[in-house]
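Encoded as structure tokens, the following chain is the form predicted alone, with no partner shown.
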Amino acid sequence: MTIENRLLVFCRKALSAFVVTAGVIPLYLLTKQALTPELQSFAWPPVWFPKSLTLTYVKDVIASGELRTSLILSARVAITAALAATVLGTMLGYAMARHTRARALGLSALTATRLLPMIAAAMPLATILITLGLYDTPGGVGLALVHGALALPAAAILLFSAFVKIPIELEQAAYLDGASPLSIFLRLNLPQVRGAVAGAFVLSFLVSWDEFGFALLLQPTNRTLPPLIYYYTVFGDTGAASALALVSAVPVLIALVALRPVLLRGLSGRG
């Protein structure tokens, strides 16, 4: 192995170690804060390795009815938003992959949606949702629509990159054999991008699950998990806030681990 190759391998390993460390340290600190007694949490100098652990905070938030309500609402909003973003993103991604004009218009529209700051769009959206009767509802329908719109650009671009790799000749041959455009899309194209569809769904779910700004402004009383964690923190209950954040991270970690093979195929562009 040449010196250049050795240097390249070393740089890759160093970068991988940095990325893993950057992800593990915040998770460790969150877990430590959630399981450390209050006296050790606020000790100075900081206690990096607690001498004793407690499950008091975790038990308190699990026993809280507010947690169950917010957890159900967050799951409902995230699943609804992910389904909407994935379905619309699949159609938009396919259109952009097959038509040059649709690609230009689609990419321009998706880029434009990210130009406005969140607060500039939140107030008009709140007015619209109030008019429609969808503001701060127990079911979170209005928030789910907003989260679906937020996740749509990423889902559409991910699926566009998958559809564009499918040779157009396959569709043309199927069309000559008498297949309808809908049949070609459902039976020929979708099976080849199922990994990308799964990746788009999980990505959209995470966008909604972790979103804070719109959730805070559009659901002020029927709160999802991120605003609930924020309120626990604001009122100084950092142990409970850390435990709540730790509990809310569990479904995400389970989904990522369970769907890891599918997600890797989807993000690499393979079905």
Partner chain sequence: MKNRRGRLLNLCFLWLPLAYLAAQFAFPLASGLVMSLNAGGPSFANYSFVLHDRLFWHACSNNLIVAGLSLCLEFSLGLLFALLLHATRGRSLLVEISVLLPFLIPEIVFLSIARYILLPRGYLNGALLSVGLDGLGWLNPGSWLALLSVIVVDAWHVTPVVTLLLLGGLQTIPSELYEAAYLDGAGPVARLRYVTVPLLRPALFAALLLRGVDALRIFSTVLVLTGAEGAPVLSTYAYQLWSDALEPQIAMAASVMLALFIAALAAVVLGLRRRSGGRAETSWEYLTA
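So that the term is clear: the rigid core is the largest set of C-alpha atoms that superpose within 1.5 Å between two forms. Because the structure is predicted, anything quoted here is derived from the model rather than measured. Positions refer to the first chain, counted from 1.
If you look for the form predicted in complex with its partner chain, you will not find it shown, but the lines that follow are about it.
Enquirer: Although its partner chain is absent from this view, report whether Phe201 comes within 4.5 Å of it in the model of the complex, heavy atoms only.
Expert: Contact with its partner chain, no.
Enquirer: Please determine whether Asp136 contacts its partner chain in the model of the complex, using a 4.5 Å cut-off between heavy atoms.
Expert: Taking the distances in the model of the complex, the answer for Asp136 is no, it never comes within 4.5 Å of its partner chain.
Enquirer: Though only this chain appears here, would Gln192 touch its partner chain in the model of the complex if you measure heavy atom gaps against 4.5 Å?
Expert: No, no contact at 4.5 Å.
Enquirer: Is there any non-hydrogen atom of Arg223 lying within 4.5 Å of its partner chain in the model of the complex?
Expert: Arg223 lies outside the contact set for its partner chain.
Enquirer: Between 72 to 95 and its partner chain in the model of the complex, list the residues on our side with a heavy atom within 4.5 Å.
Expert: Counting only heavy atoms within 4.5 Å of its partner chain in the model of the complex, the contacting residues of 72 to 95 are Ala84, Leu88, Met91, Leu92, Tyr94, Ala95.
Enquirer: Superpose the two forms on their rigid core, then report whether the C-alpha of Pro50 is displaced by 2 angstroms or more between this form and the one not shown.
Expert: Yes, Pro50 moves 2 Å or more.
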